[in-house]
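Let us start with two forms of the same protein chain, each given on its own as structure tokens and named structure 1 and structure 2.
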Structure 1
């Protein structure tokens, strides 16, 4: 019969139309911005820099190695390396970025910077409401705007952040053990030297740089 297919299709549409009044599942949209769907845990928007301690400037994990700057496909990261050094999370003296800018109008959220970073210093944010009327200044995020605490990182990507923390703790334990071993050998050498010269003065303690908390 001509029109049978159309009627069949219409019946399907009617079923869906009526169904949307009955089943909540069929209402797939929400009224943004009053109502929001929480972003997925793995969601990524733009990168941010992780810091550990209270002070964002002192606690930045970034050591200005500039790998992300080099690997970034659209080249939206700009880093100036410091002249002096400061201790990083394992207590090793490291450079730090005096300037770290990301042009988020160029960034394409590919997270390659996150993958290549050997210091777990740069991660992806889930904040997406970044519209501004200032194209150059407003979309060029500097060090201070990019710095977010480790707690914030735990808040947005809990699983990933715990993994990262575990990895860092392991590295730190290793570094500590290494420092201790170095300390022990230094002490032993000093003791040997002391017994050889038979000087009464106690050997000078060779303390590792930082490394205790």
Structure 2
């Protein structure tokens, strides 16, 4: 029947319109900003940097590898790498970003920076209320503004964050096991070398000069 789809759509609209007066579930809008709809777990807006300790600066996972800066399509990430190294959140000596800025007025929320990061250091936020009257300074976020805790990451992306933590824990366990094995091998080699050095030389039988066997 010609126009059947239009009639069905109009009937559904009328049903929801009439039902919205008696059932809140029928409402398709909320009274924002007094009421808010929780964003979906896979929602993404702009990137943020994850840190793991109480101190955001000491706990940043970022090691300033600059892969995200190179891969960013609109080139809105700006990183300066440190000249020295310092312990990261697991105690390993690493480089760190002395500057990490993102111009969110240019960012296209493509998530490529997240996909290419080998250290699980940058993730996508769900915060969208970022309006400002400062076109340049207000939309250029530095590393302190970008830094958010792993607990916050678990709040907005619980499934993804749990998977990342499990993967990082597994990688750390493998690294620790490898380090222990290397230490054990080195200790055994040192012990063998010490034993060999301490062992007396075996005496050799001197042969008389010009004698025969």
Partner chain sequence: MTPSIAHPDRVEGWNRPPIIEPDGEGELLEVAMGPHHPSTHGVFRMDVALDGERVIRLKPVFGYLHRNHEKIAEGASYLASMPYTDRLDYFCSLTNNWAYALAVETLVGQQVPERAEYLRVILAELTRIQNHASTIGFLTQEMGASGTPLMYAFREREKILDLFEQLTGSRMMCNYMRFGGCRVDISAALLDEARKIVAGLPGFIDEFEALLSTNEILMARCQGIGKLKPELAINAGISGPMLRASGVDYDIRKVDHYGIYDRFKFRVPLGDHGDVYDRYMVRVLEMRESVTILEQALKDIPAGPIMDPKSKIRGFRPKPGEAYGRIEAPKGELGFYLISDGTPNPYRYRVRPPSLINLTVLEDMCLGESVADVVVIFGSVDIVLGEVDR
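Numbering follows the first chain given and starts at 1. Between two forms, the rigid core is the largest collection of C-alphas that superpose within 1.5 Å. Please read all numbers here as calculations on a predicted model, not as lab measurements.
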Structure that is the form predicted together with its partner chain (1 or 2): 1
Selected hinge residue, from 151, 44, 26, 56, for two rigid parts turning between the two structures: 26
Rigid hinge motion between the two structures - rotation in whole degrees: 26
Per-residue CA shift, residue 18 (Å; core superposed between the two structures): 3.6
Core-fitted comparison between the two structures - CA shift at residue 7, Å: 10.5
